[in-house]
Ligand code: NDP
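First comes one chain, alone, set out as structure tokens in the form predicted alone.
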């Protein structure tokens, strides 16, 4: 498909019009913090909170967060014979995002062979290319058992105090369960997808029917279970789901099948491309899974996305498809233009226009009602929002029960005692389900629930007031023996967060092992090394996702001008693949350049 210049201009105008409809002056402030009367939306419906005695001891390593970050770091520490590790999590088990997200149809949207960590180490074969949530949660538990991470874990536990004790070179940790213990080293991997948010719709607390957030799915009300049993309690129910992002894309098919009436309230349609999920062939997997196979797949996936020299695409999904298209367009340029940033950007835009036209045309082929199909089309660049891939979502709107309520970019007008209002019309329902996502753009303390206090009483919030400062996104000056497991200021590979986690975890485990072997009490990046790393980051192109010309969302601060501090929310200038190669060489030299062991 080739897009004419006239058509491109029309698309740009359409994209701008659709963006402008959705711009709001309140940005992230439009969402509600779940406290006070709303705190019940945070309750754990899956595992009962068990009474236990508070911990008043000392551990070598405390890790805050029991998702992939905590599990993989714990596993890498165990491989270094460091087993005195305590993982804390506010959920009732390991899993993080996958502990909370048990809604119908939940699955990974990056291929499981690169998404699920430690597959080779645990010997697990994902049952599908895109594995469903129960299997991912089970894999988290498998890691926890194999590496004995359950032994000292504290679940249903929220950290309330984290402070560096200079005199004893250790961290003081207190929790909401009365714990008051210390750790020589602390690592934080709380992730961005665990604090649910609600839209600030007037009257939200007035609704007299049933309601819940998708991350606290109420199977007692809906019937069914996370394994896919029908939602048979909804056959006589009128249900509204508010939100049409990645979560809604996955659970709408089950709701459309189970409900008497399902209203899907849409502010901005998702871009929904082909997923082409399939079962894993055990014979293929046995032949493929030779020694080092997952590392090869991870590197191949990253190289395919970042323009690296690679002969083969092992994963072959929507993420690598876009990258292949961009490379093809660039290769069509005359040799003298391939280093010209403007020509390269034009090639990228051409490939994106073509891809998004295909995605919009796909809606017409799958959705019977012409107006519904038109309303489901995404008018923005593919990476303005998290791309979605699904094989049943669009078809769900052919069910008689499923009614798309497009709000023309304005969202639900208000909630009433009996239902909700869209474009002046009230719809009465028995249940409202909020698929409104998680807090991403709010402050670090609001997302974690605690402040990190380093040397001389310095808070992390104050130290990062003008922007994040670190080396590799892992170590921060003035915060000795503290480590952060997240992608920013490292590879910043957004399409596959676990790859970032795998590399950070290995780096942290090797640093802690080095300190213990050399009887060092503290590990800290020098002020100069931290500055040099941040200066290097600023030589790059900056954030590529979610620019201000995009439709509002969490990729671009809800369409608001970014804060000056956000310019440091970037990754390695040479790209993710180059970063992973760099950090592997950095840690394996054994001298950990820029880090001071005292």
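Note that the coordinates shown come from a computational prediction; the quantities given were computed from them, not determined experimentally. Positions refer to the first chain, counted from 1.
Heads up, the form predicted in complex with the ligand isn't pictured, but that's what we're talking about next.
- For the marked spot (98, 386 and 411), a heavy atom within 4.5 Å of the ligand in the predicted bound form is present in each of the three residues.
- Proximity to the ligand in the predicted bound form, defined as a heavy atom within 4.5 Å, singles out one entry of 137, 107, 143, 153, which is 107.
- Distance criterion of 4.5 Å from any heavy atom to the ligand in the predicted bound form singles out 243 from the list 473, 243, 258, 318.
- Contact annotation: the ligand lies within 4.5 Å of heavy atoms from the stretch 263 to 271 in the predicted bound form, the single such stretch among 291 to 299, 450 to 458, 263 to 271, 351 to 359.
- Contact check for residue 212: every heavy atom lies farther than 4.5 Å from the ligand in the predicted bound form.
- A residue is said to contact a partner when one of its heavy atoms sits within 4.5 Å of a partner heavy atom; residue 103 meets this definition for the ligand in the predicted bound form.
- Within this chain, residue 201 lines the site of the ligand in the predicted bound form, having a heavy atom no more than 4.5 Å away.
- Contact between residue 217 and the ligand in the predicted bound form is not found at the 4.5 Å heavy atom cutoff.
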